Structure formats: structure tokens, C-alpha cells
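Starting off, we have a lone chain in the form predicted on its own, written out as C-alpha cells.
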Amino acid sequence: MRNFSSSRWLRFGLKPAVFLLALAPIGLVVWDAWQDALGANPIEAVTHRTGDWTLRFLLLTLGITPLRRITGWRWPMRFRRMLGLFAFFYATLHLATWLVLDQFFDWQAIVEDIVKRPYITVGFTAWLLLVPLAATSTRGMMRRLGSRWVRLHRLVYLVAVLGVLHFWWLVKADVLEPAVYALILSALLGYRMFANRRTRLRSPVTA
């Protein structure tokens, strides 16, 4: 009965709350746009906000597994797919803002920017890599792909690295904020390497 109640609380209580909280950043953007409170350059403000939240949701997604391993809690794993899809959602909004509001669908200028500007190149590459991850995030795709699904979804680490690099190259001088993201990502990657190495060292003993 306790397990059922816990599962029901996660499904009907905590999950909807997390979903609404994850929508809050874009809701705030819409509200600020309605109130004409996005500053002197609203397009730049929307671009930066959606980019920031893309990185935050990526790091939250990557932090779920270390949290489970450190604490022993299994329930945070229920939110990993949702957080990952929200990372893709905000990444798509970030890209769409640039394509629609900044470039006005000028495809020649868009292609030239992607080729000539490194920060746009790595940012666009990161979004492209997110597409198959979002498309295969369902349980049905997990079953179909089997072990290949795990290998495919390890690309999220590369996506996060490219995302931080995109932000770092974009700001150029004031790198404090991207440096914070880089530090958090380094800690997550370092923990993953440490945990995997410890698992490999223990496996022969267990066998």
C-alpha cells in the first residue's frame, strides 16, 4: 500500500508540479513580453533566456543518475525523461528565436552564420544531436533499441559540452556564467568517470 501511495503521489502530485515549474521560465518570458519588460533588445533577451534554461535542464538531467547513486533514491529517475525533453524544448525555442525573430528565415544568412561563426556551429550541432535523443526518449524506443539506446543517449554528455562551449564563445569577455556551467558539468562528468572506473574494478571481484 505504501509503494502504491508513493507511486500515485509521484504521478499525480509531484510530476505535474515539476511539469508546471519547468514551464514557468517560458511563461515568464511571455509575461515580460506582454508587459514590454524584456529590455531594449527583446530578441536578445528571449534568446539568452531560452539558451540559459536549455543548459540548466541539461545539467539537471545529467545530475539525476549521480543523485540516485549517492543518495540511493530511485524516485528522481522518474523525472529524467521529462527534464531531458524540456532541455530539447528550450533548445528548440532558442534556435527558433534565432531563425525566426533574428534572421527572419534568411536561409542564406543562416547557413553563412552556421559555417563562419564557431559558436553558432557548435550550438546548431548540439541541437541536431538532441533531436534523435528526444525522438527515442519513449519506453517503446528503449525496448526496440536495447543496448543501442544506452550508447545513443550518451550523446547527451557531448551535447552539454557543446552547449557550454557555445555559451562561452558567445559571451567572449564576461565568462563568469558559462564558467559556472562548465564547472558543474565537469563535476558531473568527473563523477561519471569515477563511478564507471570503480564499477570496472569491482566487476572481476564480483565475478
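The numbering used is simple: start at 1 and walk along the sequence shown. Since this is a predicted model, take the numbers as computed values, not measurements.
If you look for the form predicted in complex with a small molecule, you will not find it shown, but the lines that follow are about it.
- The shortest heavy atom separation between M82 and the small molecule in the predicted complex exceeds 4.5 Å.
- Although the partner is absent here, H48 sits close enough that one of its heavy atoms falls within 4.5 Å of the small molecule in the predicted complex.
- Under a 4.5 angstroms non-hydrogen atom cutoff, the small molecule in the predicted complex has V159 among its neighbouring residues.
- Residue contact check for W98: one or more of its heavy atoms lie within 4.5 Å of the small molecule in the predicted complex.
- Here the chain stands alone, but in the predicted complex its contact with the small molecule, taken as any heavy atom within 4.5 Å, falls in 164-172 among 65-73, 30-38, 164-172, 135-143.
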